[in-house]
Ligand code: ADP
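Consider the single chain below, provided in structure tokens and representing the form predicted alone.
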């Protein structure tokens, strides 16, 4: 089975075309700057053939048309007919409380996604645009939604409720949802395979550290807590997001600086986090470089970032009752040995013993703890697209003729 995996953002479409049976990426690419005359399509085939096209791509409907055209291209494509696309899997950011797993997309599912627009106003609308574009260009081909929030939907009320009037939860769905669920699910399942242990037997802490960051406490295959909340703003310090703060701070800043709600929202989401503290960059590599050159603010940014991750490992250890394994993934989690070293320092009391040499190793799946470490730590590159393709294939294979 061949699945087209789509991740539609407000001005972009990322795609992978995956042969599910052998888990091979036949082609991948992206379209950036949708809605502008200088939109850019980049495409790479499995054999290394690459192209870049610049042109006018005004909306997601045209963008999907371009994606299909390049997949069908005689010179750069990998299929001869649209019918070779057996299914489409969409990354959908927010499923609200309606979806605890991946699902076949129907008209009623689209209606639910539209009803949840207010929960993810920047993400769900372009997700739905991508779905509707595929309905036009790939009629009759099943589509599935794989939700960033779904993996966290089994959290108990004690983990997802906020200390605000309960009526606000009932009326406006204000609760912890969590995000990056597809990544947390993939790496937690993968670490069980690498440890050769049943997934349902393990207590796992997963650390997805990139420009956006989140952690999850996974108890016997169920996410029982996570750091992101009602929005992706809560939790860890991130590239440009503030993470956990006193909720009175935005009100205080609005009064002192005479700025609007929109302006303070932009500040917390776009100008805070690593870039806010350091004043330099949201890129951890640049933060570390400046820190090593004795830049005080860069040092603060690095230390706050690592401290927050360490603190949540401790909190989730208490929540889980024990830890069997910790997983690092994401751009920072996979590539920054400095961050991992700082986070895991003085963790022997939890049973974590870092192997300094293994921690310096680069690329690929690897364990970075000593042989006598009671708690194992792994670095595992995430592969959300593959999980989306696998989930989509499973759903489609189970369909009855009436559902197709």
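Here the structure is a predicted model, which is why all the values come from computation and not from measurement. Numbering follows the first chain given and starts at 1.
The next section is about a form of this same protein that is not shown, the form predicted together with adenosine-5'-diphosphate (ADP).
Asks: Please identify, from 150-158, 211-219, 114-122, 78-86, the stretch that has a heavy atom within 4.5 Å of adenosine-5'-diphosphate (ADP) in the predicted bound form.
Replies: Of the options, only 211-219 has residues within 4.5 Å of the partner.
Asks: State the residue from 323, 284, 236, 144 whose non-hydrogen atoms include one within 4.5 Å of adenosine-5'-diphosphate (ADP) in the predicted bound form.
Replies: Checking each option against adenosine-5'-diphosphate (ADP) in the predicted bound form, the one that comes within 4.5 Å is 284.
Asks: Just one of 268, 332, 134, 309 has a heavy atom within 4.5 Å of adenosine-5'-diphosphate (ADP) in the predicted bound form. Which one?
Replies: Of the listed residues, the single hit is 332.
Asks: Indicate whether residue 336 is a 4.5 Å heavy atom neighbour of adenosine-5'-diphosphate (ADP) in the predicted bound form.
Replies: Heavy-atom contact with adenosine-5'-diphosphate (ADP) at 4.5 Å: present for residue 336.
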